[in-house]
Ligand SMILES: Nc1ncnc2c1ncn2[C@@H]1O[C@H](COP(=O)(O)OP(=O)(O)OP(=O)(O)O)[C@@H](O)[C@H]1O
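One chain is shown next in structure tokens, namely the form predicted on its own.
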């Protein structure tokens, strides 16, 4: 096992009160496995990714739980120890490459700088490695001296991916890596992640609101709602037989391009305010299967046919 997240709680302490962004999340990830994390905006997906890197911004903090990478608990490490882990063992592809890349540095120099910060190489060796990485992610070596503004959105995202894999990490966390990209480029980025997994054996956590996209590349998918992990299943089982009503409603909302006429489906209502979430099950105000117990008590997380589901439909 590569990664084990156990009973993770991440809260933001604001003037309005405590935001329970992630509560009681547990899962495991193996080497060379792709796991999708999906859910609406505000479900806690990005906070979960940042927590694994121990990069939760103030006023947030990890208040409970463990994050073990090959047995080492990242929540117990000092900042000095974490700097050795970030990039080298766990890397992150952030949501917006234009704000993540330095606009005043050439893209090649930014990759070289990443390599030299962790590896005992000469500048020429690091440059050679950077050129190889650019070609690996589908960017010509001729673009080595370009600045970020000279690249398209898809190419900037490829540069971010090249930086992420530059130190051969064991795990890459990609936070909304296809946001604002057209569907063709989205597909190319997803193919690139699959290629990196196959060639380098890297495990990937793919965070997205696009369930259809994740179903194409992920080995398993975790569905988040209002800070909870409400379902965790293999991609095939989740697509064929969703257990949680929220997962079922998400799948219904995926447009089918093969149908000439179809009614677009959406989930009624809005995700809850995590300053003051609903009592009981947080999905009950929007759930078509809500029962009386859902209004009163938090549902348990159950194992059903080897799959995790947090829902009162599966009893106590």
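Numbering follows the first chain given and starts at 1. Predicted model, so just to flag it, every value in this text is computed and none were measured.
Although not depicted, the form predicted in complex with the ligand is the subject of the following passage.
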{"property": "Segment assignment from 245-253, 64-72, 279-287, 35-43: heavy atom within 4.5 Å of the ligand in the predicted complex", "result": "35-43"}
{"property": "Contact flag, residue 176 vs the ligand in the predicted complex, heavy atom cut 4.5 Å", "result": "yes"}
{"property": "Proximity of residue 268 to the ligand in the predicted complex, heavy atoms at 4.5 Å", "result": "no"}
{"property": "Proximity of residue 53 to the ligand in the predicted complex, heavy atoms at 4.5 Å", "result": "no"}
{"property": "4.5 Å heavy atom contact, residue 25 and the ligand in the predicted complex", "result": "no"}
{"property": "In the predicted complex: members of 15-29 within 4.5 Å of the ligand, any heavy atom", "result": "19, 21"}
